[in-house]
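To begin, one chain is listed below as structure tokens, in the form predicted on its own.
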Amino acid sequence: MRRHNTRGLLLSLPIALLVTISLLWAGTAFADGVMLRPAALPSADRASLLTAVTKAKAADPAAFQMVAKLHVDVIELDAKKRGRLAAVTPALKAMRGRALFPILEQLALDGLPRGDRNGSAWLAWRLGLLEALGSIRDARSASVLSAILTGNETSYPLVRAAAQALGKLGSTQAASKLITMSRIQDKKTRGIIAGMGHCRRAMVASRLAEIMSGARSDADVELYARALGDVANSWAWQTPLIAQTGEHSPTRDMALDALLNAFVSQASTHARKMIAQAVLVVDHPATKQRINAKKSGRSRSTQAALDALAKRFDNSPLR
């Protein structure tokens, strides 16, 4: 039985009593989140999250009510959508840090039911929760995101969003988790790789370079090039939060080298086009120099392709 009918009562209780209740619930059955069952979390993490959610609900009930209202609104948003999915993420992002615990509750503790939401509305709801959580960049989301990635969810957009959100935490633990999971060949692998470029660490760039060296198809190259473009994105590395890692140079150097190595080894026009786009996103100051260095010993056609890449880099609207 779901516990939504107890929320009004809980909000009227003193915080100390709420915390006690949450600790008791940590060892009992609880309603499922929209991405996880609470039991999927380690017991200590589950207890900590229940306590934090209970405190947050007492301190800022309006935040939980706003998320609940958006859950209702997603039906209308889906009906009026112009793209593939309803735009749920912007409203959640606008709440900033206030959305942290309402989102974590939805994902992993006591999610509001799907009801009569169709497939696209339900996907938009869950995807919006994950994308907004990633924008908050709070380490307290790590255990939930890790459990989602380890769990049974295989939907590409949801796995990608969870990997991206975990990656945005930027921690060594998050990077290691993503690297480990990228080595497991299953239905989640491509989603993991697609999202892990948002973990802007040298160790992630190194792993993505390794992955790119094994590309076997245009689809592989496109996926890996975008991830390398993400990890070395010049605009992202200008933000203080990311720049403070001190891994600017090695991360971007490895990404550019991996992209140029792939460019000269791939003969497909489409593959080279996708690599070129990633090179422009990286916008490394040594790009022209390294392109010229790649020309030595290459065929005339490859040299011409490298010249075209250099010209495109010079005329890039992103610079």
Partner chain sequence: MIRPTWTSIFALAAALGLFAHGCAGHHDAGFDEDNNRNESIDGIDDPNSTGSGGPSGSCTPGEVISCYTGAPETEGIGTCVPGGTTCLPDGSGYGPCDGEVLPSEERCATPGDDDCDGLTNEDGPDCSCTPGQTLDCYSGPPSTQNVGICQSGSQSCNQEGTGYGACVGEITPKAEDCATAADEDCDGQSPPCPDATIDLRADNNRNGTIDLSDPTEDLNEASWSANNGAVFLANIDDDQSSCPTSGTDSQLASCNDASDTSINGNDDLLDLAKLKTAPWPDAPNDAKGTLTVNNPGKTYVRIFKKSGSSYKEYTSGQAVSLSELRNGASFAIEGKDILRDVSKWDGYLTVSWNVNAGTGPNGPIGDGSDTVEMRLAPVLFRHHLHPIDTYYVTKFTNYSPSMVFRQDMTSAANAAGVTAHDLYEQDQWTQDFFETAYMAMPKSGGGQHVIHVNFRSANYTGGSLRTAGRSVFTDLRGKDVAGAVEYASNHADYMDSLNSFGNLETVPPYSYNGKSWPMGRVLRGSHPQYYPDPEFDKMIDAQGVQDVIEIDTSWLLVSHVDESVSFVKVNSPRGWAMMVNDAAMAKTMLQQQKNNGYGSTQMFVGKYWSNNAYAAVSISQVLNDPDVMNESAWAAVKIDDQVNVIKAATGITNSEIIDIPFLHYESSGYSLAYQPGTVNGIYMADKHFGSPDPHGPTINGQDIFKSQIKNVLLPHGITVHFIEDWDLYHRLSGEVHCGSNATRKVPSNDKWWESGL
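Here the structure is a predicted model, which is why all the values come from computation and not from measurement. Positions refer to the first chain, counted from 1.
The same protein has a further form, the form predicted together with its partner chain, not shown here; the description that follows concerns it.
Enquirer: Heavy atom within 4.5 Å of its partner chain in the predicted bound form: which of 90, 151, 113, 97 fits that? Just give me the one.
Expert: By the 4.5 Å heavy-atom cutoff, the listed residue in contact is 90.
Enquirer: Though its partner chain is not shown, can you say which of 189, 146, 206, 233 has a heavy atom within 4.5 Å of it in the predicted bound form?
Expert: After the contact test, the surviving option is 233.
Enquirer: In the predicted bound form, does every one of 70, 164 and 281 come within 4.5 Å of its partner chain, counting any heavy atom?
Expert: Per the other structure, all of 70, 164 and 281 touch its partner chain.
Enquirer: If contact means any heavy atom within 4.5 Å, which of 134-142, 102-110, 245-253, 181-189 contacts its partner chain in the predicted bound form?
Expert: Residues of 134-142 come within 4.5 Å of the partner.
Enquirer: Looking in the predicted bound form, any heavy atom of residue 273 within 4.5 Å of its partner chain?
Expert: Looking in the predicted bound form, residue contacts with its partner chain include residue 273, since a heavy atom lies within 4.5 Å.
Enquirer: I'd like to know whether residue 129 contacts its partner chain in the predicted bound form, with contact meaning heavy atoms within 4.5 angstroms.
Expert: No - in the predicted bound form, heavy atoms of residue 129 and its partner chain never come within 4.5 Å of each other.
Enquirer: Given that its partner chain is not shown alongside this chain, does residue 77 nevertheless sit within 4.5 Å of it in the predicted bound form, heavy atom to heavy atom?
Expert: The answer is yes: residue 77 has a heavy atom within 4.5 Å of its partner chain.
Enquirer: Given that the partner is absent here, does residue 84 sit within 4.5 Å of its partner chain in the predicted bound form, heavy atoms only?
Expert: Residue 84: contacts its partner chain in the predicted bound form.
Enquirer: Note that its partner chain is not shown here; using its position in the predicted bound form, name the residues of 200-238 with a heavy atom within 4.5 Å of it, in sequence order.
Expert: Read in sequence order, the residues that approach its partner chain (within 4.5 Å, in the predicted bound form) are 200, 222, 225, 226, 229, 230, 233, 235, 236, 238.
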